[in-house]
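What follows is a single chain, given as structure tokens, in the form predicted alone.
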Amino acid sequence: MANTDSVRVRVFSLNCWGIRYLSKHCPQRYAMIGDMLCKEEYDLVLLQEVWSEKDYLSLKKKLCCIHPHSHYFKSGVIGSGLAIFSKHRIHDTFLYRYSLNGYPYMAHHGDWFGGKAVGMAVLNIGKLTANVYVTHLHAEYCRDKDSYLPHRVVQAWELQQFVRHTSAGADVVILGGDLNMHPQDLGNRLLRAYTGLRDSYVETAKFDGCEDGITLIADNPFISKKELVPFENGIRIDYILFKGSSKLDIHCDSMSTTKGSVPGHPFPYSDHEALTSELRLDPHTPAETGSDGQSKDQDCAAGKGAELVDILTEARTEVKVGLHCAERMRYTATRTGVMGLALLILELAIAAVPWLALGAEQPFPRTSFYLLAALCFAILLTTFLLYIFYTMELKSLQGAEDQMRLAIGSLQEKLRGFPLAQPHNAQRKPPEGDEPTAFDPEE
């Protein structure tokens, strides 16, 4: 039975696929999205891939009566694509841009130009302080040979750090967005294990939507089935995650997703399915904990610590793979640059022949020299820029790997402070010389 003091919050999340002039039926779909949001009157709307600020302003104008408070997060060359609409007043916002986000020369993927980030909004829901996050991580273009996996793992690492360090004083934490990760992918496990965020689909008491909660479905007309191989039915990469606090319990009473084309329209809202979660916020009533309860809490904390160590070790290994790849690419760029420089020096030496040997004629046409010189300069400039980029990538990967190493050491030190598992009625004593330590991965 719901508490009479319960507060209910309806959260909506959608990757809008709003690339102007490239995404199919973009103006019509934004109109459909706006009409639907006006009708449903959600408390919080978390949107991704709103790449055009004009589209955001159009939605803002349309939703001004239902969602008077909104914010558009600007980042990168074409923007982060992140936007929040809220019934509740937004008191503060902040944007953190991920240090790694693909490669600029992979223009056909476009993630680097988007400036992928996580946006935060602090707002009050009644007397409760809520930290609301919206994010969009780097896409996975090939499951078998995912060259972006180290970048996405680092993004997940930075996301969990950002959430943990900014939500300490919040009563409720809500995160929505396109994580571009399957539920059991490394980055997803890292995010949920470290922050304590819970998955609406897993936690909901009632679900209505696509089978297994998938948000990229094969029946969507905007999706090529080749993109879903080897997952013929589709994949789940969009999430609404939540977490309460010491004075607030949070439950997901129901969750739903759209199911392809919108009734009365020839196409769906986007190439992704929209998510809706109905959350119930109840004041926390702490129960008295006896010695058995404390023992169980210690065992649970030790188990979480061991799990985190395993996940972090796996993540650190993946980051090291990215480090080796970045080092190899930087070496290739350096070697190519040296070859371009040697070719330029050789050309200058040949060009100096007529001045060193008086009366000698230039053996090559002048046009060929100019073209060759332009090629050499282009090689030098390109390799120099690539060298700088790969150096920056190396620094980011090294920084993340160092942080993970420190985190593993800290977790292992805490685990050493836990006594060995014993029957709950047995007296527990800490190891000699060590003080009892409490473990909480969310702190």
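In case it trips you up, residue 1 is the first one in the sequence shown, and so on. All figures in this text were calculated on a predicted structure; none of them were measured in a lab.
Keep in mind that the form predicted in complex with a further copy of the same chain is missing from the display, and what follows is about it.
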* To do: Can you work out whether a further copy of the same chain is within 4.5 angstroms of a heavy atom in all three of R97, T367 and T391 in the predicted bound form?
  => yes
* Asked: Taking a further copy of the same chain in the predicted bound form as the reference, which of I350, I78, L344, A301 has a non-hydrogen atom within 4.5 Å?
  -> I78
* Structure fact -> Assert contact residue (a further copy of the same chain, in the predicted bound form, non-hydrogen atom within 4.5 Å, options K225, K145, R89, H324) equals R89
* **Exercise: L385 in contact with a further copy of the same chain in the predicted bound form, heavy atom 4.5 Å** => yes
* a further copy of the same chain contact in the predicted bound form: V122, any heavy atom under 4.5 Å -> yes
* To do: Please check if F113 has a heavy atom lying within 4.5 Å of any heavy atom of a further copy of the same chain in the predicted bound form.
  => yes
* Asked: Taking 4.5 angstroms as the cut-off for heavy atoms, does T166 touch a further copy of the same chain in the predicted bound form?
  -> yes
* **Candidate stretches 313-321, 217-225, 276-284, 122-130 - the one whose heavy atoms come within 4.5 Å of a further copy of the same chain in the predicted bound form** => 122-130
